[in-house]
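Take a look at this single chain, the form predicted alone, given in structure tokens.
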């Protein structure tokens, strides 16, 4: 995972694998505290205390397809390496809340990547999951709910090329206006 959009995609895939029907992604650029804070909430099946305790160990996984689970461990390492924090709170049958951060000006902070493509991929590939994303700074905010997209465009049209391109441009404008004026890649 080379950027924040890939980290978010990987972590949200965990939420989907945990049977979540609603995932809330919050990204806050806290300029006063020099922090980029990311929170992912889901209503999935959650984890026991034992699993929650071990889930940031790179050699701990509940999967049977491979013997390591790197997403949470890697995110925790990157967060702490760049002066941020990492917290996970999970309750069985109630969901999971991930909260992690990076110092905004730390040189180990990953770049933002293409958050718009991450959101569009999640939306198209998981029509039965409600994805809400909000991005805020100390002064401004932007929120998009998948339900609003479906109501305005029509769920069956979301994967059409013209809709994807329009949505990509709309998200790019709003995300990068708030997050990365300096890096419009």
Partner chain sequence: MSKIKSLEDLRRLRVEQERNEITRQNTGVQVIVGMGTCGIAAGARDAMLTILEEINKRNLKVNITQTGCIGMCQHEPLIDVIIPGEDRITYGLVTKDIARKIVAEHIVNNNIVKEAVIGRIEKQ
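Quick caveat: nothing in here was measured; it's all calculated off a predicted structure. Numbering follows the first chain given and starts at 1.
Just so you know, the form predicted in complex with the partner chain exists too; it's not on screen, but the next bit is about it.
By the criterion of a heavy atom within 4.5 Å, residue 71 is counted among the residues contacting the partner chain in the predicted complex. Residue 141 falls outside the set of residues with a heavy atom inside 4.5 Å of the partner chain in the predicted complex. In the predicted complex, the partner chain sits within 4.5 Å of a heavy atom belonging to residue 9.
Put simply, residue 174 is close to the partner chain in the predicted complex: some heavy atom of it is within 4.5 Å. Only one of 37, 55, 120, 47 lies close to the partner chain in the predicted complex, with a heavy atom inside 4.5 Å, and it is 120. Residues of 122-154 that come within 4.5 Å of the partner chain in the predicted complex, judged by any heavy atom, are 124, 125, 126, 144, 148, 149, 151, 152, 153, 154 in sequence order.
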